[in-house]
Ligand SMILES: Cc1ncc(COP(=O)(O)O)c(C=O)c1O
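Shown below, as structure tokens, is a lone chain in the form predicted alone; questions about how it binds or moves come after it.
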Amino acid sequence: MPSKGELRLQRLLAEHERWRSRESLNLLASENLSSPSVQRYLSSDMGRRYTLELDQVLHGEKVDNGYAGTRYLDEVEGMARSLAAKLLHGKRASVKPLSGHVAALCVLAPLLPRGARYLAVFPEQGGYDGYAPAYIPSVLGYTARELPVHGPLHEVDVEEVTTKIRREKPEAVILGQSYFVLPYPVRPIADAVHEHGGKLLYDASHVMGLVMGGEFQDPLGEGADVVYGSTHKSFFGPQGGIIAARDIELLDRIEAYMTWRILDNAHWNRIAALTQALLEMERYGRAYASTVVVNARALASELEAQGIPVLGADLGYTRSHQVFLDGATLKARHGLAPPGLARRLERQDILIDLVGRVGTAEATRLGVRKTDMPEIARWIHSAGILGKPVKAQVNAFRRRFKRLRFA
């Protein structure tokens, strides 16, 4: 007989699965759905197995792996590396990082010496918190300087940024944000940082699926040295990290530093699941990515029509999976800031994040289309602004989407 603890755990997981997978409409910009095949590989025997990369001579024999029994793990990893390099237009790729943040550490630590300076968008302007001075720089001994962006959609002024790069000569410039709706002018930034031998690094965590799908931009093709990030936002893989470089030697340096410094083992069930997601991206990525962006722009327009203020109308709202709510106008107009709006919506089984981002990646994988956006916007207005119950309609809507698309 199961214990009380086991029964409670079973209940919690069953209730979570029912709510998140079958009832709620997930518009969180940081999440996505994985296919049944990806889920199956996550629970495979590879999740119990181990490898240990070595470059040593043991008892007079050169050894590159400390374990036997890895032949299939190695082949799966080879598939994943080849697919990732192809989809990101790199010469070589690594799929071992356990998250996007770990991927950043794997890239920065071997490429930038202690005392190095980099430019990155700071959190106050929509950047990733990890690049702020209190976090990664404090661990690795770096000085972080602000990469200036402007306006509600965090636009880059090319002349301002390139002038700052040439003046300060940082060892690296990091492009990429948590609030990420517009592509960067990568080429002129790359030219400026390369003039003094610096590196241009591109954190594609939020837009990885759009980059792979050819919809957003091609960082490596436009001049970035390394592209990296997480694999579970606009890309529909399992949680994890990925790195690709336009130069083989650069990726070799990154991988040589990983073992026993940032990683020892990789999670091979995750890599198997990631390989399946990469195969799906190879086959369906272009159609998926373009639909995600069409849906995001349509939802932004319909939210505005419902009186919910959205930033960036003059720029077409977005070119990614994200839409930014105008929190200040929302508060002035309705007396409700994004956290309060998100909590009201959650009670009606609509999920957005508390910082004012709305995303369309997961809904797109369900099969939601542009023509569904007026209804979704009406529910957000009714539940979030007027406080009316819409849970029954949302649940009925979700029941219509039983088969995952682009898989």
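Numbering starts at 1 and follows the sequence shown. Given the structure is predicted, the values throughout are model-derived calculations rather than measurements.
Only in words, not in the display: the form predicted together with the ligand, which the text now covers.
Enquirer: So in the predicted bound form, is the ligand close enough to residue 100 to count as touching (4.5 Å, heavy atoms)?
Expert: Contact check for residue 100: yes, within 4.5 Å of the ligand in the predicted bound form.
Enquirer: Does the 4.5 Å heavy atom contact test between residue 246 and the ligand in the predicted bound form come out positive?
Expert: No, residue 246 stays farther than 4.5 Å from the ligand in the predicted bound form.
Enquirer: With a cut-off of 4.5 Å between heavy atoms, is residue 96 one of the residues that contacts the ligand in the predicted bound form?
Expert: No, residue 96 is distant from the partner.
Enquirer: Can you tell me whether residue 206 touches the ligand? I mean in the predicted bound form, with a 4.5 angstroms heavy atom cut-off.
Expert: Judged by the heavy-atom cut-off of 4.5 Å, residue 206 is in contact with the ligand in the predicted bound form.
Enquirer: Among the candidate residues 178, 162, 291, 318, which is the single one with a non-hydrogen atom no more than 4.5 Å from the ligand in the predicted bound form?
Expert: Contact with the ligand in the predicted bound form is made by 178 alone.
Enquirer: Which residue, 154, 81, 199, 232, has a heavy atom that falls within 4.5 Å of the ligand in the predicted bound form?
Expert: For this set of options, the contacting one is 232.
Enquirer: Where, among 253 to 261, 232 to 240, 70 to 78, 138 to 146, do residues come within 4.5 Å of the ligand in the predicted bound form by heavy atom distance?
Expert: Of the stretches listed, the one contacting the partner is 232 to 240.
Enquirer: Residue by residue through 120 to 145, which ones have a non-hydrogen atom no more than 4.5 angstroms from the ligand in the predicted bound form?
Expert: Read in sequence order, the lone residue that approaches the ligand (within 4.5 Å, in the predicted bound form) is 128.
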